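This document opens with one chain alone, in structure tokens, the form predicted on its own.
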């Protein structure tokens, strides 16, 4: 990383801020007019040329001004991260209104995260995203198994963070409701309080041992256990595509296609969020720092939500690299902090 003089830092900060506010390449005269540096346009032009040589700025056309690179945005984000909360009274009031609406949903984590994405998007005009925790973080509470028609079972599963999952399984007609009650009782007594990853390891070991057994009912019961407990827990919630597509950054059809593909292929975003959920606190991923090829022109700001020490989800915003980082970081960080406080105190 190049070491910048204080003067160069101020000019770079000014160029990034100008470009975020007005999506046009920034020239030296614009910087001179908007910021009181006491420097001539010629001096600022030279500093901007040096910043371009160092990779912080780029010039889209030879006659145009300059725009920030991902490295330039990274400098800007790192510098505003050290300045504390950057917010207006209006934003504080809007967030408080959001918190009041979310308060009633604290016993249903999936509905809470879904509503959070809508509010995040409405506040920022970016894409609101949230993800519920992975199986290694999701704790089993109890299960009900109900005979449904002659060869089906209705599974109703409860997690300790308030989620309810249900599905139907195909079983043989020889399995009675009495058998299902015994299986559910076994699961509830053996596995309540364990994460689903821990349960799957235990069940795998039981099923491996069962190869030596002759009792087909036990074998079928274990298979029902395995199928009954197999649910996808990394649920992704996304809101605000129409908000994002109105931004000038997405005037290019190729960029719209890339973003739409990434949203449709939820596994890509889930994989990225899953990796980010392992870290503490607010995370900002800018453009090319992203491992997903389709999202190289996109920035992502996320923060985990917790209940005590246990993670219950991750919330964030996806937008163009020309993003209002100060506002977006403030919104995401404070929303995650509020959800954590609300869930921990209940």
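Residue numbers count along the first chain shown, from 1. Here the structure is a predicted model, which is why all the values come from computation and not from measurement.
Although not depicted, the form predicted in complex with another copy of the chain is the subject of the following passage.
- Proximity to another copy of the chain in the model of the complex, taken as heavy atoms within 4.5 Å, picks out 251 to 259 from the listed stretches 267 to 275, 251 to 259, 182 to 190, 68 to 76.
- The partner is absent here, but in the model of the complex a heavy atom of 165, alone among 165, 220, 125, 202, sits within 4.5 Å of another copy of the chain.
- Taking a 4.5 Å heavy atom cutoff to another copy of the chain in the model of the complex, the contact residue among 229, 102, 154, 236 is 154.
- Contact between residue 174 and another copy of the chain in the model of the complex is not found at the 4.5 Å heavy atom cutoff.
- Another copy of the chain in the model of the complex comes within 4.5 Å of no heavy atom belonging to residue 206.
- By the criterion of a heavy atom within 4.5 Å, residue 242 is counted among the residues contacting another copy of the chain in the model of the complex.
- Taking non-hydrogen atoms only, residue 144 approaches another copy of the chain to within 4.5 angstroms in the model of the complex.
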